[in-house]
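Next comes just one chain, in structure tokens: the form predicted on its own.
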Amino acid sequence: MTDQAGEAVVALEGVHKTYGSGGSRVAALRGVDLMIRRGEMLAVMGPSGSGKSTLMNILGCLDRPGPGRYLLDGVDVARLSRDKRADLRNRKLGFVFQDFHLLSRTSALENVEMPMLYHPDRITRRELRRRAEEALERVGLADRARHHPNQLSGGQQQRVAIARALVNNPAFLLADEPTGNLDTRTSFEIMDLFQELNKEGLTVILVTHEPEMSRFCSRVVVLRDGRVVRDEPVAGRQSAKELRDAFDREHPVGETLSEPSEAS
């Protein structure tokens, strides 16, 4: 990573967000202050209606904050036009979703190339291919580059999605319920990958309703009714790799859970 560790990559200052009008107005965020430093692995948690989704949309430059400021790598997002926000999103952010969102008729390699097609800088075909291959190698799927999503296990599909999120070298990775559709062992496998990427210096923001996922992070932020009610380091952060290995010892058949189901 070229960015200096420890600097603020995200700074929210008194951010509000209200939807609707008149008597039907709903306050989704109520004066949120939040700073995320480069190299952190942060879990954002809270019950339904707490403001998690709204916060995720603002962090992901998919929506503007109301009153308040959002600085992403020093840029005031609220001052940007929709096109400028899209440009910033493509340059600075990597997204990982619960449902993978892979294109079914294209290979893993072509799925990973996709974000670079919309990059504001012109990227040659050769460079597209090189960067996509490097991203797949980074997530341990270099040998699956030509496979289509239906030829990959759920865990492998999520790894392709992570490679796609990494390919533009984002300032941070925003993962929305990334283990929601995965079995226990594969969830440990994906969280191990996030921890490895975090050790390399990548900032990871994990939005989840699963308390057990927060134990793999370095810090947890809890929202309730649009406000931050808890923001603290995780005590006794756990290694997802160790839990995966322990799971394999206790459930030997679990070794087959992450194997690909090849299309015939």
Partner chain sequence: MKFLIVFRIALRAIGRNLMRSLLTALGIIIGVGAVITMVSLGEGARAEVEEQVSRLGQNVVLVFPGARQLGGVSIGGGSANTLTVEDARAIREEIPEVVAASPEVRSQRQVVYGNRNWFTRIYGQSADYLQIRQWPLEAGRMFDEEDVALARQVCVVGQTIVDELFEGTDPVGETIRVRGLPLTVIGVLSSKGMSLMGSVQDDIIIVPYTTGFQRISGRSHAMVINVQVYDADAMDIARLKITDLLRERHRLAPDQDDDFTVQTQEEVAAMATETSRVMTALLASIAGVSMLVGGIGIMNIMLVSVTERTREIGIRMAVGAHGKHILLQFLTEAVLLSVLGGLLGILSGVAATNVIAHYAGWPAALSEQAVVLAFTISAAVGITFGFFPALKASRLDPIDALRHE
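This is a predicted model, so every value here is computed, not measured. Numbering follows the first chain given and starts at 1.
Just so you know, the form predicted in complex with the partner chain exists too; it's not on screen, but the next bit is about it.
Proximity of Ser218 to the partner chain in the predicted bound form falls outside the 4.5 Å heavy atom cutoff. In the predicted bound form, the partner chain sits within 4.5 Å of a heavy atom belonging to Asn57. With a 4.5 Å cutoff on heavy atoms, Asp63 counts as touching the partner chain in the predicted bound form.
At a distance threshold of 4.5 angstroms between non-hydrogen atoms, His101 is in contact with the partner chain in the predicted bound form.
For the options Glu177, Glu110, Asp183, Glu133, the one in contact with the partner chain in the predicted bound form, meaning a heavy atom within 4.5 Å, is Glu110. The partner is absent here; in the predicted bound form, the one residue of Leu80, Leu71, Ala171, Ile123 having a heavy atom within 4.5 Å of the partner chain is Ile123. The stretch among 101 to 109, 72 to 80, 133 to 141, 190 to 198 whose residues place heavy atoms within 4.5 Å of the partner chain in the predicted bound form is 101 to 109. Looking at 207 to 229, no residue comes within 4.5 Å of the partner chain in the predicted bound form, counting any heavy atom.
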